[in-house]
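Read the single chain below, which is given as structure tokens and is the form predicted alone.
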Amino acid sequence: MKPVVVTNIERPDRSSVERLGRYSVATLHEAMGREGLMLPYMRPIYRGAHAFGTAVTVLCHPGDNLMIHASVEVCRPGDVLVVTTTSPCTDGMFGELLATSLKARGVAGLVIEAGVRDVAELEKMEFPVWSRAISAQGTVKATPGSVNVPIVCAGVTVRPGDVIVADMDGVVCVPKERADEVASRAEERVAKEEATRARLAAGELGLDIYGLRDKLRALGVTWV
């Protein structure tokens, strides 16, 4: 692929993005038919982290954060930067100086399938990051890559403008054309869970609510 920086991308309506941002990663993952969830090694760098927004994608050479610097210029308020590398990398490719630059442009957070450093400073800044690793290993700025091209990050295809939601459970990517559909499905799911929660709180058993007794019997389970 020829290195390129795409400056203008199609983003869904902000209202659609905010609808998705109301829901947890687990709820959205289920609402999409258990799709879109990044691999579980993508973890928040501090407790309580939550972010959502439209994806600006970055493809870097491992150990080289040149294209992260190039991406800052094209970010808009409410974006989430999503970074991967052409081969596996755990070097600390992002730190508090880049976070300061992104925060100044209204970027909501970072998802990076590589390493991050300056964790204490990032937490003080309340700049949320999900990364594959935490590492003080430094990087160079020497090799071209691309910004705002489709990438595969932690097992999930992410296109520029897709919606990213991230919390303590991980990171999910919602295709931009499905934003309203998935938000509606998530709303229905939450309403159903609230009704179930009330029944569980009243003392009913999941065995009965979900019809699991009959399933257990059909599987040959007996009570003695």
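Residue positions are given as counts along the sequence shown, with the first one as 1. Since we're looking at a predicted model, the values are computed, not measured.
Omitted from view is the form predicted together with another copy of the chain, to which the following refers.
Although the partner is absent here, D13 sits far enough away that none of its heavy atoms falls within 4.5 Å of another copy of the chain in the model of the complex.
Mapping the unseen interface onto this chain, R159 falls outside it, with no heavy atom inside 4.5 Å of another copy of the chain in the model of the complex. P77 falls outside the set of residues with a heavy atom inside 4.5 Å of another copy of the chain in the model of the complex. Contact annotation: P88 falls within 4.5 Å of another copy of the chain in the model of the complex, judged by heavy atom distances. Taking another copy of the chain as it sits in the model of the complex, the stretch 133 to 151 comes within 4.5 angstroms of it through a non-hydrogen atom at I134, S135, A136, Q137, G138, T139, V140, K141, A142, T143, P144, G145.
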